[in-house]
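Next up: a single chain in structure tokens, the form predicted on its own.
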Amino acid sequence: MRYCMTVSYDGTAYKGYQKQPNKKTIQKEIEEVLTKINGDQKVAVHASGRTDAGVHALNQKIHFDLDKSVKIDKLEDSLNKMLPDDIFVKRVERVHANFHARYDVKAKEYIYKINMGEYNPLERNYIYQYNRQLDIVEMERALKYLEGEHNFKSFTKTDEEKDDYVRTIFKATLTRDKYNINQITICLKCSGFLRYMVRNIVGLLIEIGEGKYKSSDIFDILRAEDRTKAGKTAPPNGLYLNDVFY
């Protein structure tokens, strides 16, 4: 039987989602628990995509196969009892045998949180403590220029050659928290994301907000297809995989 689960996690203590030798990862923790539930028969899991060290998820999607049919409520309960407290299974559902959590994705949405106000040590792992004011209007203008289909080679890893760097950003917005005007959230919904793409976009947006770039520089940066033209990379702790769409 194939199942898909919706998972939230705090990425602070992990070296990212993807399993790595001798490192604590989200995938490793989930596979170990599912293997126990499956009578110690190895279970491999497949996520919508990997998240890097320190990055969080609100609605990661992960599919897996079990040798036997299990009641959904019992499976959810067992997973949450056995997983660490910083990983939570929100929902499990049966899916058809051909469903794939990664290859069937139509779009993903990431959000990035920034604090422009006073440094808050309690939020340091979950909201980027920038602690200075930014030009929000210019950042919003830049985000609108990013919407649509573009080649995003300037916003991905320089040592990772791909056949296709073209992606479509369906939504690019910036909102202020209604209870704290110094906290902003950048939201990007895209057909697919390249490695470090969101953090590189946010890094450039911050530099636009600082006045180091103009919003209209976005067009030249996209045309350059050169990572060195696109500014810095934002830290991982403000980034969340918000949702996955099929």
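So that there is no doubt, residue numbering starts at 1 and follows the sequence shown. Note that the coordinates shown come from a computational prediction; the quantities given were computed from them, not determined experimentally.
Note that the form predicted in complex with another copy of the chain isn't included here; everything after this is about it.
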Can you check whether residue 58 is within 4.5 Å of another copy of the chain in the predicted complex, heavy atom basis?
-> yes
Consider residue 121 of the chain shown here, and say whether it contacts another copy of the chain in the predicted complex, taking contact as heavy atoms within 4.5 Å.
-> yes
4.5 angstroms heavy atom contact with another copy of the chain in the predicted complex for residue 86 | yes
Proximity of residue 157 to another copy of the chain in the predicted complex, heavy atoms at 4.5 Å | no
Listed residue (178, 42, 214, 68) with a non-hydrogen atom within 4.5 angstroms of another copy of the chain in the predicted complex | 178
Using heavy atoms only and a 4.5 Å cut-off, determine which of 126, 165, 170, 145 is in contact with another copy of the chain in the predicted complex.
-> 126
Per-stretch contact check against another copy of the chain in the predicted complex, the hit in 104-112, 147-155, 88-96, 133-141 (non-hydrogen atom, 4.5 angstroms) = 88-96
Applying a 4.5 angstroms cut-off on non-hydrogen atoms, the residues of 192-210 near another copy of the chain in the predicted complex are none
